[in-house]
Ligand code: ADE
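First, one chain by itself: the form predicted alone, in structure tokens.
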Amino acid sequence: MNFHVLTLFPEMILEACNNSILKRAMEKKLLSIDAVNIRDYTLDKHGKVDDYTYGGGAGMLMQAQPVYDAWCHVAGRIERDQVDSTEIIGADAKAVAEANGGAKQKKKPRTIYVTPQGRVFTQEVAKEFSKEEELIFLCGHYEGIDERVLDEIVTDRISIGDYVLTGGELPALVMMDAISRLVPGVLGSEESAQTESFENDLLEYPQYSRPEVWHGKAVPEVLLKGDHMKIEAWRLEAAKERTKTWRPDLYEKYFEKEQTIKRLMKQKKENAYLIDSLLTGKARLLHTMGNAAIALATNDITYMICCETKEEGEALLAYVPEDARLLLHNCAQLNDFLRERYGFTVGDECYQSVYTQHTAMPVAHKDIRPYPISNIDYAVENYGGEEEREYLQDRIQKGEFFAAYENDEIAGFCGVHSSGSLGLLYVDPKYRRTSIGSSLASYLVNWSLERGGLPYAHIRVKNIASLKMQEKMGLYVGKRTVFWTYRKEKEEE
């Protein structure tokens, strides 16, 4: 993750970041922070970057020229060529390539203008930004910045709250800190970020340290017994109670989602992909009606519908915007409507396999580890080719891609798709017909269980070998199929 801050006070940014977790992350090259002085780009010989506003009014305004030139300098150093398919979660390479026309597009760097007039920064926004490799923060001063340059370069206007500060540096630092914590490796423990406030729409549970009794108040007895199942149950209830008391608005979201999951569980084997996405926070619920629901993946691109009838599906499609590109659903009768009304095409029809037990699966092959980024060429060569490189790199960096080793040599690999679907499975030819393939698949199931998910995979209907392996392992293969549908982007005129 690379942060670039356009500011009049670069020392303020650099001094604040030269401490604690951010400093260690920079030393480990997990983060980089580039503070760019806007004054260095003014054409005024006195270093002036502001002037009076047209139409009168109090205060001065930052001029467009130095801001724009500073931004161009940073943007020119950022490599932005990338295949659009790397932003799309859950679909296979074929559907992605067709949805994007197979073309590479040059993108404007994600540029955040720090302003009280923007959308409010939340944990969900932090997650969204943490998926970027490059972020530019633009910090205003005085009465703000000339609107013309904002229209030219800004992609996001973000506020940290309904109040006004003297400049954008402090809000930028707040956001950089929150985003950094979600970058794999920064906290040193994936669990740290997963158990904090706002994860799963709950505030964090209360925590205690030594001594056991302080000012006459004792640590809850359940935390002293070492029974981890009871501890986790206590923590969940405590988090729910705290959220209900302190943030009833947040608890209402949590309660609605939990009730929806409970209803979807009545058809668990058919609705696994939406259940898992809601359980693990990979999607947010948009609407529910009876036993049907629609959610939007946290990348704001992929919509997911679970329904039993065409009528339910059509009603839920009211929550899908006209420019939507990807939709996953489980109602075959909906495909004609999607084609005629939305211009969607079925990219893949898949069977869904689901592991319905709560106990871990046996893993015969023991040497399975996180996949090393240094060996990405091997993964690219054997799974999808160059068009999948950035997607595989993302899976590796997120810690959701794994390798099986035989005599310190990679014998195969597997991974979790951004949507939560288990797959990306490959076994080197010389190690096939051994336990490695099933071990990798079992390892993924256990990985999902440990994170509170509902393990599932999507297998193309013609992939008979994979279907047989899933059934042999004890996964349930649904009778209904699911459909990855897509719409090509309109070509620019």
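Note that this is a predicted model, so its numbers are computed, not measured. Rigid core here is just the name for the largest C-alpha set that superposes within 1.5 Å across the two forms. The numbering used is simple: start at 1 and walk along the sequence shown.
What comes next is about the form predicted in complex with adenine, which does not appear here.
- Stretch 164 to 172 is the answer when you ask which of 351 to 359, 164 to 172, 378 to 386, 275 to 283 has residues with heavy atoms within 4.5 Å of adenine in the predicted bound form.
- Site annotation in the predicted bound form: the residue of Asn291, Ser159, Thr345, Gln397 reaching within 4.5 Å of adenine with a heavy atom is Ser159.
- For the options Leu328, Val114, Ile136, Leu422, the one in contact with adenine in the predicted bound form, meaning a heavy atom within 4.5 Å, is Val114.
- After superposing the rigid core, the C-alpha of Ile158 moves by 2 Å or more between this form and the one not shown.
- Relative to the superposed core, Asn291 undergoes a Cα shift smaller than 2 Å between this form and the one not shown.
- The Cα shift for Gly118 between this form and the one not shown, taken after rigid core superposition, is 2 angstroms or larger.
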